[in-house]
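Before any questions on how it binds or moves, here is one chain, the form predicted alone, in structure tokens.
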Amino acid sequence: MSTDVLIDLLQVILLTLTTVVVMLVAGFKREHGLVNILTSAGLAASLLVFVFIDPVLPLQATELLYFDEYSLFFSGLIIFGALVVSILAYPYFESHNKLNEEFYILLMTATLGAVVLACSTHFVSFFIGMEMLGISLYAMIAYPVHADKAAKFPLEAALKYLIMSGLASGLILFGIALLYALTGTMFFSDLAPAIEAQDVASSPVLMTGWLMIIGGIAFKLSLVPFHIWTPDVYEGAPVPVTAFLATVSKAAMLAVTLRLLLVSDAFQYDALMLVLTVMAAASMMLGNFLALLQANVKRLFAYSSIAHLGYLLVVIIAAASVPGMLSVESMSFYVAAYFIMSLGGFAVISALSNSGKELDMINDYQGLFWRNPWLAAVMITVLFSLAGIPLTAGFIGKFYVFTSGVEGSLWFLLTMLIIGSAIGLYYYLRIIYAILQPIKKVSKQDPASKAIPFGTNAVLAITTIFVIYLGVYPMPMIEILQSLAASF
């Protein structure tokens, strides 16, 4: 093994070693603070490894893992997201339950699976990473943190995710088997030449395989009509787990999906493009309309995420008719912006839930500006960005999506995007209105009046700064993404 390969694999090695160390310490010494520190330190060290990795020259480190600027960008996002979740998890679980150490083992294995997904160019690593991520999430969602009366909700959410995600994994595996039966290859880059050589481009078996894979991925991304599990799981899972599910798991699946579709030249199939177009339009409209009906902030964010995934699907569809560089750049920016916005929003919910009771109803945020101006300012900034207001990261992200849609002449989808964004503005403003409503008196027992841990404050500050910075001065990020797209 060469030094270059070893260095590129170092992030995966560090994540694996951290998982083993956390497992051993949790097994021999029940100390929540120590396990949390070890987990956060391991994730931080994995982030620092990127300083030593040379992303300029793409490298096939193993048969299953491929490292280039694209995979390293998404790996960095994934590890950063996991580090934020680890920081948020300590005060949240400390006030909910006494046996918290196993959560960090699950967090590390899920993160490792997500990184493997982001680095996949082979169906075997794709499936292994997806299952490492999914199986860890089953237990994370059901983690027993609530009081006895509410204990059924995490379990119900986990069972729904288990059933739906298991079905999605089965669909993807069956679709992979059909593609392999026709082409004899599992490398993404070898699919198009093999299909041409075997002259099976018009085979119904090939199209069935592709549709099964896309259907399974749509389950994982909670695209309409495979979205039914999303609001219940978001509401029932612990807040840090919901944050992980909304950011890390979605980013990993999006990264491998765009690579798979671009490298395999799957955009040549009209039936596949029609299915993607219908899912994108339905996700944008249904996600936004259903969000209007929600009184629970976590459920609102769940339907909002469905709509945002619909926006991202516009970029993926546009890749069929626009240069691949623009699609990669657009999706990468939007994912990064949505990643940061979601972490900021869930950090506020987590800070309000650290007292032992989850405060996730819109009514719970009434007068938050007067009860805790700092939390209110962060939440308002995040909501403005999610709505796509100028001078925020969300505005630049939507501009990228709109540009890709115009370049691809996707006028129908762009109409759906504009209508959906207008609807989204209304339900985001509902929360802001509740936050700014005056109140007569602030109770000393109010969770918003409690001291916020340093780690949570750091997360709130960093996400807010990035949301504003990427909206006001996005050029440094754009230059990075242009370099990334050029090397794709």
Partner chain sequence: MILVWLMLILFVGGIAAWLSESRGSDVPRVIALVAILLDLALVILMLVAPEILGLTSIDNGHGEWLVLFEADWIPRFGISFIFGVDGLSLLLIGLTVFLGVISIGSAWHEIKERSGFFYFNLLWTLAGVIGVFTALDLFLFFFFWEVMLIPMYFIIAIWGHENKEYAAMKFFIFTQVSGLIMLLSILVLVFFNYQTNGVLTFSYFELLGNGLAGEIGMLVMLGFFIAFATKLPAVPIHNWLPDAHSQAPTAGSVILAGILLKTGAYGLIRFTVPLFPEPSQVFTPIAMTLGVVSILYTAKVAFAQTDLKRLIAYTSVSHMGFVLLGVYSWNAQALQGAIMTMLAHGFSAAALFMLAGGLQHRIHTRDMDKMGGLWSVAPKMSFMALFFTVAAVGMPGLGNFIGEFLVLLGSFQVSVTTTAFAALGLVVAAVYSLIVIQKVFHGENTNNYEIEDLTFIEMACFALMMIGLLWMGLYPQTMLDMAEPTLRSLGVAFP
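All figures in this text were calculated on a predicted structure; none of them were measured in a lab. Numbering follows the first chain given and starts at 1.
The form predicted together with its partner chain exists for this protein as well; it is not shown, and the discussion that follows is about that form.
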| item | value |
| --- | --- |
| Residue stretch of 176-184, 202-210, 389-397, 249-257 approaching its partner chain in the predicted complex, non-hydrogen atom distance within 4.5 Å | 389-397 |
| Selected contact from Val406, Leu293, Met273, Leu167, since only one has a non-hydrogen atom within 4.5 angstroms of its partner chain in the predicted complex | Val406 |
| Among the candidates Leu436, Leu48, Ala41, Ala461, the residue which, in the predicted complex, approaches its partner chain to within 4.5 Å (heavy atoms) | Leu436 |
| Contact label in the predicted complex: Leu326 to its partner chain, heavy atom within 4.5 Å | yes |
| Proximity of Ile418 to its partner chain in the predicted complex, heavy atoms at 4.5 Å | yes |
| Residue contact check: Ser487 to its partner chain in the predicted complex, 4.5 Å heavy atom | no |
| 4.5 Å heavy atom contact, Leu10 and its partner chain in the predicted complex | no |
| Output flag, Met279, Gly345 and Phe412 jointly within 4.5 Å of its partner chain in the predicted complex, heavy atom basis | no |
| Sequence-ordered residues of 165-199 touching its partner chain in the predicted complex, heavy atom within 4.5 Å | none |
